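Each of two forms of one protein chain follows alone as structure tokens, named structure 1 and structure 2.
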Structure 1
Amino acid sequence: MFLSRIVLRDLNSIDSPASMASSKKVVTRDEWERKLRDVKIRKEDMNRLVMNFLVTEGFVDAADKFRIESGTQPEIDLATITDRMEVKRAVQSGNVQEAIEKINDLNPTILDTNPQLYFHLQQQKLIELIRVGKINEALEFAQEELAPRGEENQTFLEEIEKTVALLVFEDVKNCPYGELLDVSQRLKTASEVNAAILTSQSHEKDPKLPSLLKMLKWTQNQLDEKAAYPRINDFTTDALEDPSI
């Protein structure tokens, strides 16, 4: 017992904050700010990052104005963004048939090469029919168009079952799968459509900026293991917070 007490005491001293902190390199605020000042960043690269965000997220007008105000060239033809945004808007307002027609006008191969997207669009169509109470039409659509899809794919079948279940509940808002009727479901489908169109135009479907922000978070976390240095914790204020030693 005497021996174990000694061992425990030793363990305590190993874990004390002082000795933990001393294994990390400490960088003072002045030193850090001096190094920050040496970082070389070009405005045109930042402009490109912003343009990439506007274009990928579909802000056509803003991208056009930015082109004029900053002289940055958009990376894709702005006209294609308008088309893509029209499709997105159609889905977001629940006009799925219109969206499907527009997609086929843009590029008939998109739906052929994206069975999952096509299924989600059809599912959305069914949801919209249920939402406005067109029960008969909904059932017909489900039986003719969706059921065959369910046969070829287990996941699709589960989704169909969830959606059809909505018909059974009178108070649809409070049924178990009520979230399918939420506007967020439309947004989800719209986002999927946006990504598929971008990909078909050989454009990356995600803007670069969020990735870089995540990279900053990750890099700071990694660096935390080795050093105590001023961090940026709040991305909106960008305040450098001094290392806590």
Structure 2
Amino acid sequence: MFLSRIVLRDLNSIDSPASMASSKKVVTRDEWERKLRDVKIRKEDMNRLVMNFLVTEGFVDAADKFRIESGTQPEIDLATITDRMEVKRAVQSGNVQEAIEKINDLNPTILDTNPQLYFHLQQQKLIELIRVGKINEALEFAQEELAPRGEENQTFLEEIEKTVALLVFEDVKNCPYGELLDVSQRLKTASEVNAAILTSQSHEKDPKLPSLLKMLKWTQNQLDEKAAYPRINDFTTDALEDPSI
């Protein structure tokens, strides 16, 4: 990423009219790899990046082993990761009330200060009631717990209406809001819960590594307009591929 920025800066010189009239600048693999070797990144910074990812994503065992092997200290108590993952798993399995109780045990202020998160948890609870066919209980819950919130917030009201619409269709596959019953909806709510807990612990809610990869992709796209160079097309392998000239 840092290399791409350096090369992008170096390639600014080709923006002259004469250069623009010619073909793109070609950077050979040898030249590119030499530039890569010239970029110095401290091992400590790389270790902190790895630890940040493990902690944020909740890989507590891996984070502990990495702490021992690298000497990199996590920014939060690793014990809190286990608690956070228990909450996340409860939401992902549809046990919303259990998740709410665990959140309150972990930090009662999280839901008190985040009405949108609490609403989405209650909405998820309604979805779970509909999923198992508890229609009367779902209607009662929507009326008593969600409707008052909808009266105060137009966005909440619209989400309530979409969720209750699931009750109208015998075959939810034909419902325009059937995706609410998909596992992806549970994962979305669980991700929101995870982010809120991390924020309450003064930790970034998103890992840094994906953001850096997005920045790398953006930088490569900028370079593509100016030069042909060995680029990374598959971030899972990190392999350089020669440009097609």
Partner chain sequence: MVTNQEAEAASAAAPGAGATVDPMRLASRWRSQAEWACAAAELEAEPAPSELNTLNSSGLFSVVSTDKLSVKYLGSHHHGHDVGVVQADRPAPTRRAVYYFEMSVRNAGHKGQSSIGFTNESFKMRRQPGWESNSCGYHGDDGHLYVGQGKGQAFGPKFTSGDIIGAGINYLSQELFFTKNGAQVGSVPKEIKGPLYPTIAVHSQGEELTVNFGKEPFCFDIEGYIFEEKMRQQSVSDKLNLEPDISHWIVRSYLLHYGYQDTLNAFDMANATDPPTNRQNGHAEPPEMYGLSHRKILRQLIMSGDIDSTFKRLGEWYPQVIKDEKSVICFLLHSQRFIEYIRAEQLEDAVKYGRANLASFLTHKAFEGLLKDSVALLAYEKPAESCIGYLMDSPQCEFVADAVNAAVLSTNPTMKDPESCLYSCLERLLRQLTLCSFERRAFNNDQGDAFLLHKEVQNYERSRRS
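All values derive from a computational prediction rather than experimental measurement. Superpose the two forms; the largest set of C-alphas matching within 1.5 Å is the rigid core. The first residue in the sequence of structure 1 is number 1, and each one after it adds one.
In this comparison the chain labelled structure 2 is the form predicted alone, and the other chain is not. Taking 2 Å as the criterion, Gly71 counts as shifted between structure 1 and structure 2: its C-alpha moves by at least this amount when the rigid core is aligned.
Core-superposed comparison between structure 1 and structure 2: the C-alpha position of Glu179 differs by less than 2 Å.
For Phe53, a C-alpha deviation below 2 angstroms is recorded between structure 1 and structure 2 after rigid-core alignment. Summarising the core-aligned comparison between structure 1 and structure 2, the C-alpha atom of Ala227 is found to shift 5.0 Å.
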